[in-house]
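For reference, the chain that follows is the form predicted alone, supplied as C-alpha cells.
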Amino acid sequence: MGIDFKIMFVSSEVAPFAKTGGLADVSGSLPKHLKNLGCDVRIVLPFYRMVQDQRLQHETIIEDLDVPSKGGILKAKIKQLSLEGCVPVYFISYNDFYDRGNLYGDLNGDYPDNAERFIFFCRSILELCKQLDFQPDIIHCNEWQTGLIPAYIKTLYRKDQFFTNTKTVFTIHNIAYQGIFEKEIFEKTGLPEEVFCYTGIEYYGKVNFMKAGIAYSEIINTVSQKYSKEIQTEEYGCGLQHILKDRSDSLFSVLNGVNYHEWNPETDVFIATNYNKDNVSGKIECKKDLLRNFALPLSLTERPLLGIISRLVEQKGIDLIVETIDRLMAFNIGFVLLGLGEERYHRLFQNFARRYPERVGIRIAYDNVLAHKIEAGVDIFLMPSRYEPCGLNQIYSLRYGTIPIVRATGGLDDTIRDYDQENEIGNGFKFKEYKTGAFLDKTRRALNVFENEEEWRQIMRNAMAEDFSWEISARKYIELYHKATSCP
C-alpha cells in the first residue's frame, strides 16, 4: 500500500498514555486507522508525570531539542515508543512544564502557566519535525493547546523551506475550552505584532489560542455535522461564531468513531457474560452482575434499569436528571450513576442514594471496568446534554443494546434516531427542548416501550446493527487532508 500522506498528529492527550476525556480516545484511535489506510503518521504529546508513572518501555531519541522561547533557547528531551507496535509516539519532556500531578490544573483551577506550557509544546513540535527530518504534508492539530501551530507555520516558519508544502488541519473537539489568556502572554508567543488583530489571535483584548487555530489553518473541522452548524451560532459558538462563519467554506465535520475492539459486548473482558445482536440473553446476566456491584437487590432485574456515565457538570444535562429523579422513581425503576465532577452534584446524588437505597446506586469515581459493566447491564442510558460536540457513550450504548435517551444536540442528534413504533425504525429516544418536561416525557415514552418485550427487542436489534467504526471516519479525514493539500 502506498503512502497517502505524512502526518504529524498533535494532541495534548492520547489514550492510553494520558487522558482526561474523549480527546484522548480520538487521539489514540484515529492515527492507527490512518496508518492502516497507508499514511505515515506520527503522534506527539507532552511527557506528563501521568505518562512517566506508567514505566513504559520508551527510549530517549533526542537529548537536547532546542526550542526557541522569549527568554532564550529551552532544551527538551524527546522520548519515543510505538502505539500498539505500529505508530511512533513522541513525548516532549520538559519537567518544569509537564512533571505535575495533573494535565491542565489542580483543585485550585488551571495551572497559571498553561499558556507558557503550550506555547513551548507548539514550538517544540515544529523543531522536532526538523530534527527528525520528517517533513509532514499535514500537521493535524487538536484543540486549543495546539492552536498556535498553524499561526507559527503562516508567520515565523513561512520562509522555512522545510515546511513549504506543510498544511494544517485544526480539529475542534469542544469549543467551550479555548485557551484564553491576558494580552501580556502575546509577547511570549514570539508571533509578529500583526497577528494580534481581530482576524488573528486577538480576542476582546486577550490572546485566544483556539482562535489562532481557526484563523490560520487550511482546514477546520469538528466532530459532528450538527455541532459544525451549532458553533456558528451565538448560542453555541462561545464567542467564536463570527470567525467560524467567516471561514465556513473551510469548516467541515467528521463524526468520531469508536473502538469496537474495546467496546463490544461480544468480546468485552469486563462484563459478566458476552453477548451479541443475534443472542442478547447474556445481557440479563450482565444486569444482575451490575446490580451486585452496586449492592442493589436482584429483584430490580425485572424492572427497567437506567444508567449514566458522565462528568457531573451542567453541560451534560445533570440538572435535568436532578430535577426529575423523584418523578422517575415513581415509575418503579432502578438507577445507577458513575461519574466525577462538581461537588454540588456529588452531594445531590449521594443524597438520592440514601433516599432510595433499594433502587439507586451511585459511584463518585472514574472506573473503566464499572463503565463497561454499566453499558452492558443497564437497559436505558441517559445523555440529556445541554450541548454535546460528538459524544461516545451513546454510540457505545448502541452496540451493547442499551437504548439511549438523548437531547437533539451535536453528535447526539447525528447518531440517535427517535424510535418510530409504527415503522419499527430508530435506535433510541430523542427530545429537543432543554426542559425537564421534554426529558421526562421522552423517558416516560421509552419506559412504555420497554414494557412491550417484543418491541424492545426490535429497538435493541436496530441499535446493535449500527456501525460507527473508526475506519469510516478515518477515510473522511483522508478526504480532508486532500482538501488541505490542495489549498494554495
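Quick note: we count residues from 1 along the sequence shown, nothing fancier. Keep in mind that what you see is a predicted model, and the values were worked out from it rather than measured.
Just so you know, the form predicted together with a small molecule exists too; it's not on screen, but the next bit is about it.
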property	result
The small molecule contact at Tyr366 in the predicted bound form, heavy atom, 4.5 Å	yes
Any non-hydrogen atom of Pro265 within 4.5 angstroms of the small molecule in the predicted bound form	no
Contact of Ser248 with the small molecule in the predicted bound form (heavy atom, 4.5 Å)	no
The small molecule contact in the predicted bound form: Gln315, any heavy atom under 4.5 Å	yes
Which of 290 to 298, 306 to 314, 154 to 162, 189 to 197 lines the interface with the small molecule in the predicted bound form (heavy atom within 4.5 Å)	306 to 314
Contact assignment for the small molecule in the predicted bound form, among Tyr396, Tyr216, Phe121, Trp144, heavy atom within 4.5 Å	Tyr396
Contact assignment for the small molecule in the predicted bound form, among Met210, Met383, Leu128, Val378, heavy atom within 4.5 Å	Met383
